[in-house]
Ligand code: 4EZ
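There is one chain below, alone, in structure tokens, taken in the form predicted alone.
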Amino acid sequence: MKIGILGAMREEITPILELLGEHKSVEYGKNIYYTASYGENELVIAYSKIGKVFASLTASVMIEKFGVEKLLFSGVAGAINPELKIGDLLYATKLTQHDLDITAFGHPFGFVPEGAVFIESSDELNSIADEVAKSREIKLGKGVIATGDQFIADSSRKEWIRTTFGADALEMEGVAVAVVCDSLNVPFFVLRAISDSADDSADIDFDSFLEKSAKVSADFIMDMLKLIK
């Protein structure tokens, strides 16, 4: 099985590369793709850079050039569900584009003709994640993740996204990966560590949090790999 592991930022894949140790690198399309073996699986690892366009490009290259058969995405997200706290892990059951708006033509937010408001993730991979969380005795949430090419700081906009899409968290890449994988029939999984709460009440050092959460997510993803056949 050839499995893709994708993050948006370099920091999000560095712990995975460190855990793997030996790996090779391939430059393609102004990016670097790392290849390695892990048990019975072949891995392709990359960071896309931030945003939906780069995420779409990188996911497409992983599938079309490198032959990835399943794709795991790992990164950070902001909470808009007040029950989520900083440091919580959450996977997406489905994803949507909160900044896609052609409502002037009578369509709902997040929809374009021949598309869908929501893209559902892989039940199989989500079940494996639940199994890993149970074995590690850690809390793992699940819910709707909303993606857009905007960093949302305005509380009223956050509430609009939560109300409109029933979303639990916000980020900038997930649904782009989802659309690519869904179109090309590749099962996918999106894991996010919560970096800020819905009320913005906590003050954290983001760089420090990113480093710590990346290590936690890396361990989690590596345990998932052991169960993917």
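One-based numbering along the sequence shown. This structure is a prediction, so every number in the text was calculated from the model and none was measured.
The same protein has a further form, the form predicted in complex with the named molecule, not shown here; the description that follows concerns it.
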query	finding
Proximity to the named molecule in the model of the complex (heavy atom, within 4.5 Å), stretch among 123-131, 136-144, 102-110, 77-85	77-85
In the model of the complex, residue 68 touching the named molecule (heavy atom, 4.5 Å)	no
is_contact(residue 171, the named molecule) in the model of the complex, heavy atom dist at most 4.5 Å	yes
is_contact(residue 182, the named molecule) in the model of the complex, heavy atom dist at most 4.5 Å	no
Residue 152: touches the named molecule in the model of the complex, heavy atom cutoff 4.5 angstroms	yes
Single option in 186, 26, 36, 50 placed near the named molecule in the model of the complex, where near means a heavy atom within 4.5 Å	50
Residue among 63, 198, 45, 167 with a heavy atom within 4.5 Å of the named molecule in the model of the complex	198
Contacts with the named molecule in the model of the complex, stretch 9-26 (heavy atom within 4.5 Å)	9
